[in-house]
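Laid out below as structure tokens are two forms of one and the same protein chain, each shown alone and named structure 1 and structure 2.
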Structure 1
């Protein structure tokens, strides 16, 4: 359970499951972890408005032997400057503040994913994708771009790949699934109707249904293999969907996994692809900064 590295990510992912005072402590720590490493247990308790033993218990629940030990963990997972609480962009933000906020949120989401990597699910998905005769990547809205990216990457293998966003196409193709087809659905919420329906349909055909989504969602229920990711809630904040970034990196993982599974053959094939791209590039010129 206690992963030792990156207590901050650990706290972040535990946040929704925490009790009232534990959450108060967690928030104080996440807001200014650097300060927390220098504070005494009394000071932190006072900051959070809880008692000292509560802080102590909080530390122990995270796997530390006590408060001083917790501070060491904290110090070790600290990256200078980064904001660990999800930050919301508001009307007061300027070009000096919102870019950093967005970056920090993204970096956080990735660090969280790093802590709770669903390795077994990835492995199983890689197996299915490797064995597939035909692969469909389906996602709508923001996830359509992720699906497109996946298609583009898997296109480099000899497998036949397709992406669609049109509801009718989705439905038709899902209904026509066959034994060695893989349907890969991408949805942050797992509650987008078109996607859920298509997944349910595909599951009845004998094809393999993989979903990258919230594990507690209708889409997950309809799927054979679920890549569940722990992503800080920002469904409502449609401006910057950190989830899609995490999804893209997971796609990278799947492509990498399949390539490795193909062994020499796969790696060689990629080398050839790389070669073929070269003529489309202009020669590299001397570095010369432009303002």
Structure 2
């Protein structure tokens, strides 16, 4: 465990990859972590329907020396306020409950991202984007919306920017990269075949390949600069929600970093573009009082 204060987030993130017995233990812990901090190993094993040695092995696989050590980590996680557990909307939820659940999921994901923000990678990515002659933002599925948002923001820097979702275009453009091009790939899992293959192609051209993805993914392996984000969201079974929001926020960080790097001249250019929109807006109207 790289960060013991985030033990709940680490368990939640690992949930889809756990063995059957480990998953049972994890679900008991995540359902009531406070109770788990007070439970004996025998009681937790009974709740999970596994043996005591299985609980001990589960703790050691997370990096703890044993169950007592794991309970200390769990208590610290709760005390520090880092209880980053994704909540699943239930069939019986109503408008009084599911909006709060979705907001809590997003807030928790953003807090986790803040705790583990890869600042050196972001700084490196800002440098590459600032120096690029041409930038491509590639993503498919939900990530395509993030790529489109990035294109919408980065074209303001007087740099050639484009985004595409067609698999054949991804391959051809990646194969035609040049030394001063930047290919920015966005994928929560980092295992989408068309994206990984396009990144591998771009890397052979001398272009810079940046990936915003799971740091332990094939896409990360194919990239020169990895903005590694381990977001606890099971997008295999559910629609990507929190991961998309985190990716959008990181794009905002990159836009801000490049703006600061451009200095006064860049800010003046952005101001001119903003001012050009003023004639397109209707004037604000005062709210009418109801009589």
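Positions refer to the first chain, counted from 1. In this text, the rigid core denotes the largest set of C-alpha atoms whose superposition between the two forms falls within 1.5 Å. Note that the coordinates shown come from a computational prediction; the quantities given were computed from them, not determined experimentally.
- Legend: structure 1 corresponds to the form predicted together with the DNA, while structure 2 does not.
- Once both forms are fitted on their core, a CA shift of 2 Å or more is seen for residue 28 between structures 1 and 2.
- A movement of the C-alpha atom of residue 45 reaching 2 angstroms or beyond is seen between structures 1 and 2 when the two forms are aligned on their rigid core.
- Residue 248 shows a C-alpha shift below 2 Å between structures 1 and 2 [criterion: core-superposed Cα displacement of 2 Å].
- Once the two forms are overlaid on the core, residue 12 shows a Cα shift of 7.4 Å between structures 1 and 2.
- Once the rigid core is matched between structures 1 and 2, the CA atom of residue 58 is found 14.5 Å away.
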